[in-house]
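What follows is one chain in structure tokens, specifically the form predicted alone.
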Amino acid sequence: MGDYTAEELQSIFIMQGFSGLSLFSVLLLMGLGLALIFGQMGVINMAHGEFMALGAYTVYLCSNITEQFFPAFTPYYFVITILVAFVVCGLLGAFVEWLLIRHLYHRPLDTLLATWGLSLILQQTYRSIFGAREVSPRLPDWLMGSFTYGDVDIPINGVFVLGLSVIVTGSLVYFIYKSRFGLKLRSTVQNRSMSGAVGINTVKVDRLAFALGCGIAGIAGAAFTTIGSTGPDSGSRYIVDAFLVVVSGGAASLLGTVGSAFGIAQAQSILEFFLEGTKGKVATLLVIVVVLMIRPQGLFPSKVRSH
């Protein structure tokens, strides 16, 4: 950093900080889905990244359909497509839970292997349908460009994705802690047999929770299209970071997911500017390892009653 003046360093940190907000938003959305599936349900979903890729491909398909058949709708399609990506990934998640996951609860190693196999199947499916090359949707013009304040450019797409992640996070917190379904979910997590005894359909709760987590991954994929192109293995590039977000924040803690996603995204953005990409990722990983050595339960461990 010795080659930069204090003003240049300040501008660099601000620019990389805003650049990191886009990555933070994607990691947060990925982490929220995993925090629900892994933290609340104990399922290690290695195919979570492929659900993110499915959300991105959904946006790409809707972009092509809109451009070809409804060109006048191009400025408006993206917001609606986010909801479409959520529904598509949620429905696939519900099907996967019914077909595969429901047979593997309380068997974490089996769920890891099964969902890893599912991720390979989905990657090959994307490769067969869309090809091996990365694709990008046509984004609305209002998502392009940036706000300029002095020497700092703030990308509009980053602001939009950040706002989207805030809305999704707030909605998920309300859904889990204020809604009737959220009460059933937390009850099932705490004591499944007792929840079933009082009339809660735990099978339905599990399916809806898994579908919700996959749907949020679809929203993450839609957000991802604003900052990068999509390929068959795009989701697998983020799955490790997403698990690091959940584990370092505290597996069942939504607050911890937010905090760790922000820290990891900012660390990667800033360190990769001053270091080579690989060295920046290694430095970020070392920081996470140190944090987990100091706090093995994560930054915000959930408080569980001991028996």
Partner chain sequence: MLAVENLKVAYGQSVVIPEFSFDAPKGEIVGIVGRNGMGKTTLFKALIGMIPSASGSIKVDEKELVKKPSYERVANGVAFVPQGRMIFPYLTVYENLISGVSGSLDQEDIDEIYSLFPVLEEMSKRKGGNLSGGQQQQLAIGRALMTKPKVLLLDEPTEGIQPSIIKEISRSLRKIGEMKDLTIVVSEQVLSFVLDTCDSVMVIDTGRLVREDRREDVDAEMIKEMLAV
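Positions refer to the first chain, counted from 1. Nothing here was measured: the structure is a model prediction, and the numbers come from that model.
Not on display, but discussed next: the form predicted in complex with the partner chain.
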With a 4.5 Å heavy atom cut-off to the partner chain in the model of the complex, the contacting stretch among 164-172, 200-208, 96-104, 80-88 is 200-208
Q. Using 4.5 Å between non-hydrogen atoms, is I121 touching the partner chain in the model of the complex?
A. no
ask   = Can you check whether R127 is within 4.5 Å of the partner chain in the model of the complex, heavy atom basis?
value = no
Using heavy atoms and a 4.5 Å limit, would one call N191 a contact residue for the partner chain in the model of the complex? yes
**Message:** Taking the partner chain as it sits in the model of the complex, is G196 in contact with it (heavy atom to heavy atom, 4.5 Å or less)?
**Reply:** yes
Restricting to 154-187, the residues within 4.5 Å of the partner chain in the model of the complex through any heavy atom are Y177, R180, L183, K184, R186, S187
